[in-house]
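Next comes just one chain, in structure tokens: the form predicted on its own.
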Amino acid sequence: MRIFEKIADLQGWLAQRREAGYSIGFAPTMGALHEGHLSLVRMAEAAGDVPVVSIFVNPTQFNDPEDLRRYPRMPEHDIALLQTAGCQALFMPDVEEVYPPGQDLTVRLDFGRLTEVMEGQFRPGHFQGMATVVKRLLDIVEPQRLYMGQKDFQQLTIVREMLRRLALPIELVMCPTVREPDGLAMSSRNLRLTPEMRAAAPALFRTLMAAGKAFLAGTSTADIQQAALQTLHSAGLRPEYFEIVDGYTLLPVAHPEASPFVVACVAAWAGDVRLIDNLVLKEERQQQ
């Protein structure tokens, strides 16, 4: 695996790969890697792509400076994991390399409701920062395919819309959420959970599963939401939202027939750690 800190060096290596006839598969990350991230690398390799990963803790998508400060950084651990997973190139730039002083690279697309609901209500400015860094990294790497995890579903939905609006010739591949044996979605933030909160956190997935069964059985969305919030409170978590939405528009879905693509999304605090998760309740056609 090659490790690059400078854009010019990475792009020179990528040009050689393309000249040799290879396609590029790219997975942007913020480090503190786990099996969920490694699954993106393996999917890229299985598709015949050259797997390229970036590790960059993007300051523009943290609305809380303390959250940015506390975000786990473990480069040696991450490098060792990527080497075992088949990653061929790792891009680890500093902030000035990604955001050169004096250049305004901000993505100023109006995503409308996509950035206003759910995460947008509780993390103002987050999605503009996320879209900006993803667009910047895509401009640097120029992949044929972009691999992103389903766990950050709203983020993935906004990136899909950005690719469409900017007519970028990149295929977005949604990779299934990787979970612990007890159902907790793998996340870098799990490292910060206390033992008590780690034991409580799997209630997120159990609640999503119960909501999915109730939704398909015809229970009203309002009743499902009320039951879900009560379950999470009873487990010792502090939920911020529990929504059942259309997987493209993020508009609320009242019943199964209202949309071919339905997703339940949840966010809750486990102590001082904020966790998100989601579950596809209905999907009639293959998503990109």
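Numbers for residues come from their place in the sequence shown, where the first is 1. Everything numeric in this text was worked out from a predicted model, so none of it was measured.
Beyond the structure shown, there is the form predicted together with ligand AMP, which is absent from this document and is the topic of what follows.
Interface residue among 205, 71, 111, 99 relative to ligand AMP in the model of the complex, by the heavy atom within 4.5 Å criterion: 71. Residue-level contacts in the model of the complex: of 137, 148, 118, 211, one residue has a heavy atom within 4.5 Å of ligand AMP, and it is 148. The candidate stretches are 161-169, 148-156, 103-111, 72-80, and the one lying within 4.5 Å of ligand AMP in the model of the complex by heavy atoms is 148-156.
Remark: residue 124 does not count among the residues lining ligand AMP in the model of the complex, judged by a heavy atom distance of 4.5 Å or less. Shown alone here, residue 47 lies farther than 4.5 Å from ligand AMP in the model of the complex, counting heavy atoms only. Taking the partner from the other structure, ligand AMP in the model of the complex has a heavy atom within 4.5 Å of a heavy atom of residue 40.
At a distance threshold of 4.5 angstroms between non-hydrogen atoms, residue 259 is out of contact with ligand AMP in the model of the complex. In the model of the complex, ligand AMP lies within 4.5 angstroms of at least one heavy atom of each of the following residues of 20-39: 28, 29, 30, 31, 34, 36, 37, 39, in sequence order.
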